[in-house]
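Below you will find one chain, with nothing else, as structure tokens; this is the form predicted alone, and questions on how it binds or moves follow later.
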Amino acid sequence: MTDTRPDLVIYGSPISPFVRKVAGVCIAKDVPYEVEAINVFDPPAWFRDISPMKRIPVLRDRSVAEEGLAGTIADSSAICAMIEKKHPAPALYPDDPMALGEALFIEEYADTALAMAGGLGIFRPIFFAVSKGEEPDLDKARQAWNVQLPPIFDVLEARLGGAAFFAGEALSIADITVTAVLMQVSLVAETPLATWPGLAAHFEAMKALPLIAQPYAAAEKLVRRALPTPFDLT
């Protein structure tokens, strides 16, 4: 019997924007993968051994090892760089040195500043509450949307500069990361971006791509069980 399992396993949940980021890279490169669910709040012992920071995602490459530490990589940025190296086409990291630096900066900015404001400030106060049958902390979420996120959107609007992509003239890890993280807000709240027209156009174009839409659909299916309709935070 032939083993048809893909080499790449993403340990985590599609609700995580960082899992969706890695999935998006795989889809962009037409690399088969599967997501194996992990409860990050109560992970099994074997997962603790391969995730030093106790975070998702962790990637396993079965072509290297089926179990244990070997063949695993923790952290979405490290994972995506590894996939790029193993599957270089189409390239998601620019060749031009300055464009590469910009792509890596935007990736980091989205993974930190945008993820903190949107994830911790909006997603968690809403989804974690409603999933437990509690009232969402909409005051905290509105404060994040109206106070914390606008300066971050200003930075992204300026760095985008009206271009179609954040770094160079083609899709890169920067575009995937920004969209995956920003759509974490979309899971629980409306995301009107008219004040930032360049970012709004980029967001709409990226959302239509299968590499974004497919992982997001899996996350939305899970979230809608607890939250049928996103909130208006304006």
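Position 1 is the first residue in the sequence shown; the rest follow in order. Predicted model, so just to flag it, every value in this text is computed and none were measured.
Below: the form predicted in complex with a small molecule, not depicted.
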Please state whether all three residues Phe105, Asp154 and Trp196 have a non-hydrogen atom within 4.5 angstroms of the small molecule in the predicted bound form. no
Answer yes if any heavy atom of Ile176 is within 4.5 Å of a heavy atom of the small molecule in the predicted bound form; otherwise answer no. no
Although the partner isn't part of this model, could you tell me whether Ile56 comes within 4.5 Å of the small molecule in the predicted bound form, counting any heavy atom of the residue? yes
Does Arg124 reach the small molecule in the predicted bound form, with heavy atoms at most 4.5 Å apart? yes
Does any heavy atom of Ala200 come within 4.5 Å of a heavy atom of the small molecule in the predicted bound form? no
Proximity to the small molecule in the predicted bound form, single hit among Ala65, Ala205, Ala170, Val40 (heavy atom within 4.5 Å): Val40
Just one of 162-170, 29-37, 47-55, 188-196 has heavy atoms within 4.5 Å of the small molecule in the predicted bound form; which? 47-55
